[in-house]
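Take a look at this single chain in structure tokens; it is the form predicted alone.
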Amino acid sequence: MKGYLAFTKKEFVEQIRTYRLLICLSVFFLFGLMSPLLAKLLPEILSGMDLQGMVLAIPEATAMDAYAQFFKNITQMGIIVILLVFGGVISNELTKGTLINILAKGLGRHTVILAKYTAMLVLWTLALAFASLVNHGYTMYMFDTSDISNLLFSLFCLWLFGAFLLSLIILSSVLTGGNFGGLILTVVVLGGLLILDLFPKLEKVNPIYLSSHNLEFLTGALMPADALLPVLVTIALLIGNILVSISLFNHKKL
């Protein structure tokens, strides 16, 4: 337990020194701030454009538009930021050989995996919570939010998808070598999940479900019970990724 806490602390310090913490919080703060602002300004921008006589019927922006923009930003640009920040979290250290001395002093290999995943998960949680609070506060200031439903559950689904993504990055980094091996493999797997999402029969067993139906939860078109199977499947895959990562790392030649 002492080794786990010490290595986790080391990871937190490294996040600060390498500016991962600053980058994530800054970028996600911008997502939270810009989403309601873009939703508010976009109709005005479009109405002021010269469309050569064409008339566009643009409805007035609502809180739902702000959240649609927020979830779009997080599930697209936010995921890219997470991939770039954590893509080589283990493979980089394996390439540089920085883990050899630490492991030689008796630190368990499973501790490395668990500590790194813990630090990554904490940063993802902080970034998403920060962006969500900023977005919700600004949205409440600019719009009527009384018609928003299941907000916390929708955010939980997004958080869980991110937690799954981090476990996938860990597994990919253990499986591959080189500085970008983990990032490339993670992108390939995500591409495969996106392709599987095209088949309706596989939708409920695909983690992508948790990041693609957030707005339906807000409108009430979907209820939390509808996501029970995707949530359970994603949790199972997350745990499986970590366990397989530990097993592979225990047998990996450094």
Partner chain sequence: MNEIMEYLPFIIPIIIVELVLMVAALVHLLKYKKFRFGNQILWIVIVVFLQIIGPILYFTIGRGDE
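Residue numbers count along the first chain shown, from 1. Model, not experiment: these values are computed from the prediction.
Keep in mind that the form predicted in complex with the partner chain is missing from the display, and what follows is about it.
Candidate site formed by T18, I23 and M142: every one of these residues places a non-hydrogen atom within 4.5 angstroms of the partner chain in the predicted bound form. From the list 185 to 193, 26 to 34, 62 to 70, 206 to 214, the contact stretch for the partner chain in the predicted bound form under a 4.5 Å heavy atom rule is 26 to 34.
Here is the short version: of L202, L229, M223, L41, the single residue with a heavy atom within 4.5 Å of the partner chain in the predicted bound form is L41. Here is the short version: of V85, L160, L107, L123, the single residue with a heavy atom within 4.5 Å of the partner chain in the predicted bound form is V85. For the chain shown alone, F153 is not a contact residue for the partner chain in the predicted bound form, no non-hydrogen atom being within 4.5 angstroms. Annotation for 111 to 139: the only interface residue with the partner chain in the predicted bound form is Y138 [heavy atom within 4.5 Å].
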